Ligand code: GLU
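Shown next as structure tokens: one chain only, the form predicted on its own.
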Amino acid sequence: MRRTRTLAGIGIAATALLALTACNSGSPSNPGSTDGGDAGEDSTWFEVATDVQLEGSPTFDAITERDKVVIGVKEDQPGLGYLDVTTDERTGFDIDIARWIAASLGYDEDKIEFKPIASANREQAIVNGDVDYYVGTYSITDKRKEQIAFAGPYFITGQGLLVAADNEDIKSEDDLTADTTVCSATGSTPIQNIRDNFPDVPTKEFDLYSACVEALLSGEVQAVTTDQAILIGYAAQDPDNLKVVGEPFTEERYGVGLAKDDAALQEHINTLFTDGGDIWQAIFDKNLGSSGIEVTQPAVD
């Protein structure tokens, strides 16, 4: 099931969330919104499914036994997976996708433990059972499938470009020149792609993408590159000064990481994504809608 919509900002997101109503309170595959409130408050905008049965899922059995869902996430990506250390509030597209899955399994916010897991440790955390599933810009690859399984994809992105909002010279990667310095994370695949494919384009590296964004805002660099989904988060956070340009020029398919032997949970989450297009769109609008780009909800594998 594919849906493409032009995003029109947070106002539409709020309307969409308020309009979502539950068709069947006992359906784990399509929990709806009950009140439009923000996740993290006392009430949730996903209806929590009741009387959920998931035969043959060792992960669901473990969740049921401990009466809590443990979800691996990231917490340093605005708009995707972010923890405000001042308020202790978690926000982002991936965080709300994770909450939606938990609600479909019968678990509300007070029964969720979010566990930050570094990218390099994700597969091991899933294999060890340290988390029940992982949602955090987690690209589906054949190598990772040797150790774990994926549900989804729930988002398809690729390497993109973030530029200043008033920059009319860079509209895509084809406009990168010897006069346009591009920034990305130290040792990252995106910065290596620029060096390999655009050898005349100067590059700059920082440990954090946020440092690249600061360099962009100060005029030190003319573009920042990484997965477009991450760049959308920065653009949504500061739309007056930042924008994403062009189309992704690589492909990354984000999936939900889970135990390799848990076909039942994989099918459950895939059904949730297939049947829940309006909820998916509302989640995107709420977190990333102000970036103003068009996105497509992908069909699951």
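Position 1 is the first residue in the sequence shown; the rest follow in order. Nothing here was measured: the structure is a model prediction, and the numbers come from that model.
What follows is about the form predicted together with the ligand, which we do not show.
Peer 1: Counting any heavy atom within 4.5 Å as contact, can you tell me which stretch out of 83 to 91, 215 to 223, 175 to 183, 188 to 196 lines the ligand in the predicted complex?
Peer 2: It is the stretch 188 to 196.
Peer 1: For this chain shown on its own, do 210, 233 and 243 all sit within 4.5 Å of the ligand in the predicted complex, going by heavy atoms?
Peer 2: No.
Peer 1: Mark residue 121 yes when one of its heavy atoms lies within 4.5 Å of a heavy atom of the ligand in the predicted complex, and no otherwise.
Peer 2: Answer no; every heavy atom of residue 121 is more than 4.5 Å from the ligand in the predicted complex.
Peer 1: Does any part of residue 252 reach within 4.5 Å of the ligand in the predicted complex? Heavy atoms only, please.
Peer 2: Although the ligand is absent here, residue 252 would touch it in the predicted complex, with heavy atoms inside 4.5 Å.
Peer 1: Though only this chain appears here, would residue 204 touch the ligand in the predicted complex if you measure heavy atom gaps against 4.5 Å?
Peer 2: Because no heavy atom of residue 204 falls inside 4.5 Å of the ligand in the predicted complex, the answer is no.
Peer 1: Using heavy atoms and a 4.5 Å limit, would one call residue 167 a contact residue for the ligand in the predicted complex?
Peer 2: Flag for residue 167 set to no.
Peer 1: Could you tell me which one of 79, 153, 106, 136 places a heavy atom within 4.5 Å of the ligand in the predicted complex?
Peer 2: Exactly one residue meets the criterion: 136.
Peer 1: By 3 Å or more, the Cα spacing of residue 189 and residue 139 differs in the predicted complex; is it closer or farther than in this view?
Peer 2: It is closer: in the predicted complex, the C-alpha atoms of residue 189 and residue 139 lie at least 3 Å nearer than they do here.
Peer 1: Taking the shown form as reference, are the C-alpha positions of residue 193 and residue 141 brought closer or pushed farther apart in the predicted complex, with a change of 3 Å or more?
Peer 2: They are closer; the C-alpha distance drops by 3 Å or more in the predicted complex.
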